[in-house]
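Starting off, we have a lone chain in the form predicted alone, written out as structure tokens.
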Amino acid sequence: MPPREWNAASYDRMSDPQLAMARDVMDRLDLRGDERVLDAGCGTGRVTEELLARVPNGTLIAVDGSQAMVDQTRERLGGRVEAFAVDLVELEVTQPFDAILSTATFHWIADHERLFARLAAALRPGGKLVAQCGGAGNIANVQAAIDAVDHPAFRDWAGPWNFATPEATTARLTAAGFVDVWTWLQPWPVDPPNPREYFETVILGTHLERLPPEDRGVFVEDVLAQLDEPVRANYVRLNLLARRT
């Protein structure tokens, strides 16, 4: 499967809600400041930059499945972090991490069993995983609007996202070798100031590629027309805390 590519410049402009969500998650990652940390799904590096300040005497590695996102991270942070493109289900490391942070990423990955196994293998014994992604019920109003538009390219389409339940996630983390697992859902509604660009870039992302370029803007407008004003995306975040055995 080819890597997903994003409009990184647009995502950088539109990702204030994701940065706010990430700050909430980072506060759960108790760091001394000298750890080796992985930002798994770094996007354009906005979260990475804030995480970097929390490990002033440590090492921070940033990875993303999109080369465009990685390029934006490198442009933002220069040589302060090592950043590279990799599919997280193919992640292999030569030196394990003390902690892994991930925000707004796991719901784009279909195979959570393999994902959690790779993350466990990347952590030292006792290493921490602190993450957040879209969970069960996430943007259900947007999915309903997509269904109501009834475009042939999206008909009978379950969506590109893997919005897992806390129960299923706990079981998968446990099977992957994690303990002290804690998962829960958190509503987080977002009213984007620029709905069209936000939906086009942040919500639908690369999955608009199923449409011809000339149809994409019209499709997004049709979806937005199904939603009440002001436009709201009813996010439900799945939070994960776990420790590797």
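Numbering starts at 1 and runs along the sequence shown. This structure is a prediction, so every number in the text was calculated from the model and none was measured.
Same protein, other form: the form predicted together with a small molecule, not shown, and the subject of what follows.
Engineer: Which one, A104, A164, L123, A83, lies within 4.5 Å of the small molecule in the model of the complex by heavy atoms?
Structural biologist: Selected option: A104.
Engineer: Ok, D147, E113, D71, D87: which has a heavy atom sitting within 4.5 Å of the small molecule in the model of the complex?
Structural biologist: Filtering the options by heavy-atom distance leaves D87.
Engineer: Within 4.5 Å of the small molecule in the model of the complex - does that hold for a heavy atom of every one of Y11, G41 and W108?
Structural biologist: Every residue of the candidate spot has a heavy atom within 4.5 Å of the small molecule in the model of the complex.
Engineer: Can you say which of 192 to 200, 61 to 69, 175 to 183, 209 to 217 gets within 4.5 Å of the small molecule in the model of the complex, counting heavy atoms only?
Structural biologist: In short, 61 to 69.
Engineer: V37 versus the small molecule, in the model of the complex: is there a non-hydrogen atom within 4.5 Å?
Structural biologist: Heavy-atom contact with the small molecule at 4.5 Å: absent for V37.
Engineer: Would V47 sit within 4.5 Å of the small molecule in the model of the complex, counting heavy atoms only?
Structural biologist: Yes.
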